[in-house]
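The form predicted on its own is given below as one chain in C-alpha cells.
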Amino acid sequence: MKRSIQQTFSVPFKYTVHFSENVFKKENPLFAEVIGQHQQSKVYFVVDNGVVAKHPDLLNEIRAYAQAHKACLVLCADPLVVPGGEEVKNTKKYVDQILEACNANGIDRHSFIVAIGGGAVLDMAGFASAIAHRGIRHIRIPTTVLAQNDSGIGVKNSINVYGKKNFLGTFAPPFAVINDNTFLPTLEDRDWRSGISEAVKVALIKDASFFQWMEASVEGLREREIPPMEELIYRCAKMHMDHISGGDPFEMGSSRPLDFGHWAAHKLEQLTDYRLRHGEAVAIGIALDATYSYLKKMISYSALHRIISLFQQLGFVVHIPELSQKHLLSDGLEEFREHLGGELTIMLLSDIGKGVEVHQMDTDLILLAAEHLRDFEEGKFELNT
C-alpha cells in the first residue's frame, strides 16, 4: 500500500534593528531591555579584536554594565576576543571555540550569544549560534558601516570553506540588532568608505532618489561627517529590511537582487587573499556590471558616468588587475550560480534605481567592460555618448 502524509506550516520571524549610542554606558537601558527584564539570562560575548584595540575600555564597560543590570543578565564567561576580517571566517577554529564555551558554560536556547564587530565576526558568531542546540538567541552589535547598513541586519551566517566564500552557513534571523554610532568615528578610512558601496548597490537597484541623495552628500560622506553617514546607514538598513520581508529571505529561488555586483566581488576577494575589503570588491563588481549594462545598451552613458563618478569621488578604485582574467571571471560566474543552485541569475541595470535580472552573460563583453574600467581608473577613457 502506498501512503503519503503532507504537512505545511509557516513560522513568523520578528526582530528589531535598534539605533543608539554608547550602548554599554550603565545609564543606557537599551541592551538590558533587549535581553528582557523578567528573568536573568546568561550572556556570552564574542568581540572583534580590532574593536577592542580601538575601544580599550569596552570589555570593562561590558562587565560594569552586566553588574549594573544583573537582574536580567549575567556574564557566564569572559568575552571571547577573535580576529576581525575574513581571517575569522577562513577557519572553523573560532566556531569551535564558541561551541566549546556553550558546552562548558551551559549556554542554552534561553541564553544569548552577543557578537560585537564587523560583518565577518557577525557571520562567524551567527553561524555558531545557529548550530549550537539548533539555535541560541543571537544579538548582533555591528561596528562597521557595512555591517550596520547591510550584512549585520540580514538573516545570513557563514564561514568560508574549500576556498569558497560562505560555503558553510545558515539562514537564521538574529534575536535583535543594535547599531551603536559611537563605533563609527574610530573606523579606518577603508572601513568607513567600504560600507558605502552597499548603499550605492541598494540605491541603484531600488531607489533613484537615494542615489541622488548620495551624489548630493558625497563631500560629507567622504569627509567622515557623522550625520550624513547615520542617514545613509538608516536608509540603507530600512531598504534591506523591506526587501527581506517582501521577497525571498531564505533564497529558495534563483534570484537574489541584493547581491548586485557580488558575483565578481566574491571572486575578487578570493583572488586577492581577502586583502580587498568586501565593500571595495563590491564597488568594483557594481562598476563592472553597470559598465556591462551600458555595453548591452540597457543604460545610458550619462547613467554610467554618474555611477563611476560617485564611486571615484568617494575614493573607491574601480579596477584592479585581477578583474581582467577571463577564466577567473567565468569561474566566478559558475561559483555564484553553484552557491545558490538552479539557473544563473544576475542583476543588471535598466536605469538608476531599476534593476533587471538576466540569466546569461557574455564573457567577452565582461572583459571589454573590465578594460573600460581600467581606462576609467587611469583617467584616460571617455565613452561616446
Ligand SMILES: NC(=O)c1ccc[n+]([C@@H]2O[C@H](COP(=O)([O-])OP(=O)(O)OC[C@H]3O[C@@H](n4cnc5c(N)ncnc54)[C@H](O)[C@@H]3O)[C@@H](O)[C@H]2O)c1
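When you see a residue number, it is the position in the sequence shown, counting from 1. Since this is a predicted model, take the numbers as computed values, not measurements.
Omitted from view is the form predicted in complex with the named molecule, to which the following refers.
In the model of the complex, no heavy atom of Ser129 sits within 4.5 Å of the named molecule.
Interface membership of Asp289, defined by any non-hydrogen atom within 4.5 Å of the named molecule in the model of the complex, is ruled out. Looking at Lys354, you'd find every heavy atom of it more than 4.5 angstroms from the named molecule in the model of the complex.
Ala265 falls outside the set of residues with a heavy atom inside 4.5 Å of the named molecule in the model of the complex. Considering the named molecule in the model of the complex, the lone stretch of 270 to 278, 101 to 109, 68 to 76, 301 to 309 in range is 270 to 278 [heavy atom distance within 4.5 Å]. Taking the partner from elsewhere, every residue among Gly119, Thr144 and Lys156 has a non-hydrogen atom within 4.5 angstroms of the named molecule in the model of the complex.
Scanning Pro173, Pro257, Gly84, Pro228 against the named molecule in the model of the complex with a 4.5 Å heavy atom cut-off leaves one residue, Gly84. With contact defined as any non-hydrogen atom lying within 4.5 angstroms of the named molecule in the model of the complex, Lys89 is the only contacting residue in 87 to 107.
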